[in-house]
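We begin with a single chain expressed as structure tokens, specifically the form predicted alone.
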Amino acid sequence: MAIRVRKPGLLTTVQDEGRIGDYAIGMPPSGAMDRFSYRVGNYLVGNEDGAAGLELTYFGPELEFTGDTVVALTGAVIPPKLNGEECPVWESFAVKSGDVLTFDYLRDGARSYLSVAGGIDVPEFLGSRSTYTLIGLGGFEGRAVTEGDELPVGKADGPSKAGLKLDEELVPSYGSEAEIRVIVGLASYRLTEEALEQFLSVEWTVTPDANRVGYRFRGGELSFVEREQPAGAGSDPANVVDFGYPVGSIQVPGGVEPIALLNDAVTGGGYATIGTIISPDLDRLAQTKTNDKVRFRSVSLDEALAARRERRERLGEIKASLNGDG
């Protein structure tokens, strides 16, 4: 079977866990921006870990199914309708051949995930089906889906069951304000003490430049420690000698509009990165949108590891519960 794209939505791409292990050759991971929502979607439809689904950004597509299957929608609230009738979110439901799935306007969050039993069966590139739109690799022909595309769906790994749902108390809500935890470091020494305090105290606003590559924030201007630039660094006080950029690292070109580098960003460069968003909070950042407010809070490495462990355990419990093992 396949999913026929009647309307593409604003940005609908095939994503999975991402292209892990090729960072050293300059290949960012891509993959689902909100891993929690993506993974729970796969649990709900009975897929193995890593199955590819669709990431819907801001405005959903119009999709026609060419066979019977089970699907689930997780993440942002972009209310879905099946043949014009409202259908659930964070819960698996059956679709039949010829059914049409549409979406209302975004109500909360930024990105929703459509999981389908068997997963989206596009070819792998470097071990992943994720779309890296910046250079046209992976996913469906290396791009966001467009009208007329037919997205192949794989064979389900086992019986899929409609009506599986995430406990309501575990369903995240997003709102328009987010606290994002960061580990300060890498090149934070380039900021003055006052500027670092300002970075952590300012309420930043997400600008329209917010996408899978990075998010820009507006709200203050940060000053740098004066110095004679070393050999190999550029003339901007935010420049350092080139080094690697972890996913979630935050750079401040010119001291204005910090940029959080995300799943499709370059893997290295010559701007000072003053901190890195901890991995569980990348999910939350992915659900912010233009004009939302963000505050950054400094945490220790131990706190970051504890948060990552907590998320891993929570996902494990959800998976076991939905599989009937909990």
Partner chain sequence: MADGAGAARRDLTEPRYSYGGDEFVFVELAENMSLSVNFRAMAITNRLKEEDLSGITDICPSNASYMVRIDPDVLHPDRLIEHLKELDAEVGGIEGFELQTRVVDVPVMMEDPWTHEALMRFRDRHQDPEATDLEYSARINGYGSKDGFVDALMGSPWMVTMIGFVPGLPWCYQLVPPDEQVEVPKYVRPRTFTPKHAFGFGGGFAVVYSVEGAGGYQLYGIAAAPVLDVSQRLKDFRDSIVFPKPGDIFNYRNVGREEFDEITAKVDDGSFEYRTRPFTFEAEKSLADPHAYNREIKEVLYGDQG
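Nothing here was measured: the structure is a model prediction, and the numbers come from that model. Positions refer to the first chain, counted from 1.
Although it is not shown, the form predicted in complex with the partner chain is what the next lines describe.
Using a 4.5 angstroms threshold between heavy atoms, T267 counts as touching the partner chain in the predicted bound form. The closest non-hydrogen atom of L106 lies beyond 4.5 Å of the partner chain in the predicted bound form.
Put simply, L200 is far from the partner chain in the predicted bound form: not one heavy atom of it is within 4.5 Å. For the chain shown alone, G21 is a contact residue for the partner chain in the predicted bound form, at least one non-hydrogen atom being within 4.5 angstroms. Only one of E221, E147, E86, D242 comes within 4.5 Å of the partner chain in the predicted bound form through a heavy atom, and that residue is D242. F125 is the sole member of F93, Y174, F125, W90 with a non-hydrogen atom lying within 4.5 angstroms of the partner chain in the predicted bound form.
In summary, the region of this chain contacting the partner chain in the predicted bound form, judged by heavy atoms within 4.5 Å and restricted to 98-106, 233-241, 72-80, 153-161, corresponds to 233-241.
Heavy atoms of every residue among Y132, R227 and T276 are located within 4.5 Å of the partner chain in the predicted bound form. Contacts with the partner chain in the predicted bound form, taken as any heavy atom within 4.5 Å, map within 183-204 to I183, G185, L186, Y189.
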